[in-house]
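Heads up, the chain below is alone and in the form predicted on its own; it's given as structure tokens.
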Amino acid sequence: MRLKDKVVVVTGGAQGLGRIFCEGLAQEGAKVIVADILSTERTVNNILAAGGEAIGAHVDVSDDKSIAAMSALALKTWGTIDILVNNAAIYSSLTFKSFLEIDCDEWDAVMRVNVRGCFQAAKGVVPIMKKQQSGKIINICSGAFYDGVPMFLHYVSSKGAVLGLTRALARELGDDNICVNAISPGLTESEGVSDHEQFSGPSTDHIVGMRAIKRRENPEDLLGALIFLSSDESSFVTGQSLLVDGGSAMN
């Protein structure tokens, strides 16, 4: 119970990595706000059935009013927000293509959710963290940024921006005892990834071959890093990106 009674917001918590994050944090004693533009019912019900505490919030991370309503709900229910996990992102719905084929609307949609969403969610919860002079923000980056994955320019660029945001925000919030870090997963067999041939099956065997630990990555492989960065054990760690990819990229 390393996160007992900590109040955690996980954006994009309805499915995929976000759902596993919510359930894993709840198992460590956290009270979880499952924030998503999709229905949060499954994630919330899974946590409640396991004896944890969770509430759902319909949240568009690119809308300040939506984020403010979520923060108000958290304060009304549990009185604070201790941890923000910026997980919401556009990823599995994208297709590999030359950057010449990416139109501006698609580019802007990826940047709006993947980058601006982190920025806006942080703006929504940091005043609460400043008031209590403590907090943790964990941004989900990607090993794709370190590898410079081709034919995926908008996504890779967005995750590079998230890493820059992480480092600059860590400097800005250090005096308020707020730690800001990132987790960079490798290609992970989440439900969204498994549903798309371009991200799973034999076409991705070369990715496994690049790893020091040669197996496919599961969502549960990320929980140790997430819980560590959410807990008091990492209170002197900030501005860092922890690669969890089986030793594919090494920085």
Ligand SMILES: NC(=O)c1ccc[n+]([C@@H]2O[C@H](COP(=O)([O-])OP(=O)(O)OC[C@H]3O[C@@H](n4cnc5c(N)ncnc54)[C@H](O)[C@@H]3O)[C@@H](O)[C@H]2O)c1
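All residue numbers are counted from 1 along the displayed sequence. None of the values given here were measured: they were computed from a predicted structure.
FYI, the form predicted in complex with the named molecule isn't displayed, but the following is about it.
Q: So, Gly186 and the named molecule: in the model of the complex, are they within 4.5 Å at any heavy atom pair?
A: Judged by the heavy-atom cut-off of 4.5 Å, Gly186 is in contact with the named molecule in the model of the complex.
Q: Although the partner isn't part of this model, could you tell me whether Asp60 comes within 4.5 Å of the named molecule in the model of the complex, counting any heavy atom of the residue?
A: Close contact exists here: in the model of the complex, Asp60 approaches the named molecule to within 4.5 Å, heavy atoms only.
Q: Although the named molecule is absent from this view, report whether Met129 comes within 4.5 Å of it in the model of the complex, heavy atoms only.
A: Result no; Met129 lies far from the named molecule in the model of the complex.
Q: So in the model of the complex, does any heavy atom of Tyr146 sit within 4.5 Å of the named molecule?
A: Taking the distances in the model of the complex, the answer for Tyr146 is no, it never comes within 4.5 Å of the named molecule.
Q: Quick one: find which of 135 to 143, 121 to 129, 96 to 104, 163 to 171 has residues within 4.5 Å of the named molecule in the model of the complex by heavy atom distance.
A: Flagged stretch: 135 to 143.
Q: Is it the case that Asp36, Asn87 and Tyr155 all touch the named molecule in the model of the complex, with a non-hydrogen atom of each within 4.5 angstroms?
A: Yes: Asp36, Asn87 and Tyr155 each sit within 4.5 Å of the named molecule in the model of the complex.
Q: For the stretch 107 to 135, which residues lie within 4.5 Å of the named molecule in the model of the complex by non-hydrogen atom distance?
A: The one in contact is Val113.
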